[in-house]
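Given as structure tokens, the chain that follows is alone and in the form predicted alone.
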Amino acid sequence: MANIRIGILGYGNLGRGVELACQANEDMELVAVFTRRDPASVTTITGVPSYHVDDLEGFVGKIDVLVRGGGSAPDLPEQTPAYARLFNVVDSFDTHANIPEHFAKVDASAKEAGTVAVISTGWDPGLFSIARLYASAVLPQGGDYTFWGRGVSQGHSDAIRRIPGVADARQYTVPVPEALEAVRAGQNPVLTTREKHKRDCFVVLQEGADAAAIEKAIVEMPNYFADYDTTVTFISAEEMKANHAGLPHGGSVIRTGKTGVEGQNQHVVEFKLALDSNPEFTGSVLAACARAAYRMAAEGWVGCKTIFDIPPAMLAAASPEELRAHML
């Protein structure tokens, strides 16, 4: 079978993660990377050529699946519907509350063009979504808990870096241990936002910056830190580079439920991820979903799909016969 021809739109951390995932999958061929920057300034890890985003239309028929590497706020809501008119596409749109609206826009574009678009995939939304679905289907009488971290939140880190006087910052989302253990013990606690997670912030100040004012701006920032117990630690640029250069993340989805005539039997289902590199792992999920998009398109599927719609076997490089023999 011919290799699946992949294009990547957006060459940041996630785009590089997809690039490495394509290299690791023998049935994939990375054709090109597309960027809004000057392509001459972009050096790819694997040596694949880079082009300006304006050149994308010239690759219709040369790319089987276009994987989007942009952000959920400014990029994906506009670009995924637009490029679904030209290619089969995959994106990682992760603003949970806006997924239905995003789905509707992408679905209309993909159906009109006769393409397949897989949206909101990665690990949350994505693999965590499947874990929630499977566990709730098996244990209809129960409750769901999702804990993120310990890991770097790129969005929250960026919010700190935008504060005047901040030279660099990393923010770690950290589950509250007591809450996590209570859930794992099947105690079914009712938890507030503050009781589930805390925020650890490491900040490099610009020369002459007011540390007290910046700390106050962080801990009182609405929608980011005000609802959490937040710790701010000021460090040097050298310490930031030495100890906080990576992008680890992870977390757990836990479902607690009961069975029996009077619900006397308690069950706990947990799906856990511990990731050294959030973008590389997310890129690997996107690559698997690109394989599924290619296969769905080959079978005549059209429209927008989510991880819920993909038959699990379509994600795997192995044949159905191999899956039945070795994984079932």
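Note that the structure is predicted; figures quoted are calculated from it, not measured. Residue indices: 1-based, along the sequence shown.
Quick note: we don't show the form predicted together with another copy of the chain, though the next part is all about it.
A.B. asks: Between the options 273, 48, 302, 53, which residue brings a heavy atom to within 4.5 Å of another copy of the chain in the model of the complex?
C.D. replies: So the residue touching another copy of the chain in the model of the complex, by this definition, is 273.
A.B. asks: Given that another copy of the chain is left out here, which of 231, 136, 188, 79 has a heavy atom within 4.5 Å of it in the model of the complex?
C.D. replies: Of the candidates 231, 136, 188, 79, 136 is the one lying within 4.5 Å of another copy of the chain in the model of the complex.
A.B. asks: Taking another copy of the chain as it sits in the model of the complex, is residue 34 near enough to touch it, meaning that at least one heavy atom pair lies within 4.5 angstroms?
C.D. replies: Residue 34: no, not in contact with another copy of the chain in the model of the complex.
A.B. asks: Quick check on residue 297: any heavy atom within 4.5 Å of another copy of the chain in the model of the complex?
C.D. replies: No - in the model of the complex, heavy atoms of residue 297 and another copy of the chain never come within 4.5 Å of each other.
A.B. asks: Give a yes or no for residue 92: in the model of the complex, does one of its heavy atoms lie within 4.5 Å of a heavy atom belonging to another copy of the chain?
C.D. replies: No, residue 92 is distant from the partner.
A.B. asks: Even though another copy of the chain is not shown here, does residue 140 get within 4.5 Å of it in the model of the complex, heavy atoms only?
C.D. replies: Yes, contact at 4.5 Å.
A.B. asks: Heavy atoms within 4.5 Å of another copy of the chain in the model of the complex is the criterion; list the residues of 11 to 40 that meet it.
C.D. replies: In sequence order, 20, 24, 25 come within 4.5 Å of the partner.
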